[in-house]
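Just the one chain here, laid out as structure tokens, in the form predicted alone.
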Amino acid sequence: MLELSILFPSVLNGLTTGAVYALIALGLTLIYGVLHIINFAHGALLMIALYGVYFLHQSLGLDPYASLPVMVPAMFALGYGLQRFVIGRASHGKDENILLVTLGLAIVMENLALYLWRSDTRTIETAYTFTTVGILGAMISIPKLAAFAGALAVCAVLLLLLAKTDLGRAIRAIAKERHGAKLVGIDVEHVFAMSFGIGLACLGAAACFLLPAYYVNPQVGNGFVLIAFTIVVLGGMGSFAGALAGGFIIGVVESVGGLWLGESLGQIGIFLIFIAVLLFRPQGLFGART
């Protein structure tokens, strides 16, 4: 049996990681909630964002957190352009085409990154990378605490945007009834592109919070997108509250599982939860029954 002195730091570590997982999953949830499609390019686009943060640091000396004002708008613009001029046009109104287009984009981006930057794993070292602080006897690294606070702040801004702004009301209207929203004058294609852009802006923020304590290579997005899909299913497809709760649950399960079974087997618990949710509550923890 694990002692509390070991278990408590593991749970704290899982919560800090889970906040970033939730931020990545929120972008995926937003895209699904409005466009009703699964974005298979989500992991590859996170990889692009991580490379963006890395090269901003290498070329301009920008701290990863200082890259936020650059990466968030840049990823938003990339997402808006991809949806408006590539995914939307190539889909011809068919959801199955969107799935194939996003899958194709993921393959192209990963192989292009492999060609340009090889398979080398790259990291960023900062003055605070290995600095820790004590919380109730547990030592937590500064980058993980910053990622936790930053991810929660971005999630709060996103939820406020959806709840309090005209764009947010348009997004919620289209998510509920696309044709009805179009009939009352909402520019559906523009809102689609805005939603995709906001989803990718979340990835830009997540990349800035991840890189001080993580790494980047062309395949780095694959692991994150599997976890993000699990969180979306666990919380309930299209549920923002579910994505937040699911992120924390998965982060803690991964951390405690790694402590119990070893780092290489720590993610077994994530996929056991995934299978259990599909078997016993397929609509997710916060999803409504259809």
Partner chain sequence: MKDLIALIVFGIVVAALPLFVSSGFVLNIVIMTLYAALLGQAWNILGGFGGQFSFGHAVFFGTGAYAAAVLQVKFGWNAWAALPAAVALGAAVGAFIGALSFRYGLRGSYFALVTLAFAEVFRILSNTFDFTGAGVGLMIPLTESAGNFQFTSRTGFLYVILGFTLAACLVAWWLKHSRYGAWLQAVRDNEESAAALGVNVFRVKLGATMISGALMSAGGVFYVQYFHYIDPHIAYGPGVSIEALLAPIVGGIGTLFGPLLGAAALHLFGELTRSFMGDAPGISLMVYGLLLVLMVTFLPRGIMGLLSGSPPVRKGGSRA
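Numbering follows the first chain given and starts at 1. Whichever C-alpha set is largest while still superposing within 1.5 Å between the two forms counts as the rigid core. Source: prediction; values computed, not measured.
What comes next is about the form predicted together with the partner chain, which is not displayed.
Taking a 4.5 Å heavy atom cutoff to the partner chain in the predicted complex, the contact residue among G104, G81, P73, G168 is G104.
The contact with the partner chain in the predicted complex, taken as any heavy atom within 4.5 Å, belongs to I38 out of I249, I38, L68, I48. Put simply, F229 is close to the partner chain in the predicted complex: some heavy atom of it is within 4.5 Å. Proximity of L161 to the partner chain in the predicted complex falls outside the 4.5 Å heavy atom cutoff. Taking the partner from the other structure, the partner chain in the predicted complex has a heavy atom within 4.5 Å of a heavy atom of Y32. Using a 4.5 angstroms threshold between heavy atoms, F148 stays clear of the partner chain in the predicted complex.
Residues of just one listed stretch (73 to 81, 151 to 159, 188 to 196, 201 to 209) have heavy atoms within 4.5 Å of the partner chain in the predicted complex: 188 to 196.
With the core held fixed, S239 shows a CA shift of 2 Å or greater between the shown form and the other one. With the core held fixed, the Cα of L12 is displaced between the shown form and the other one by less than 2 Å.
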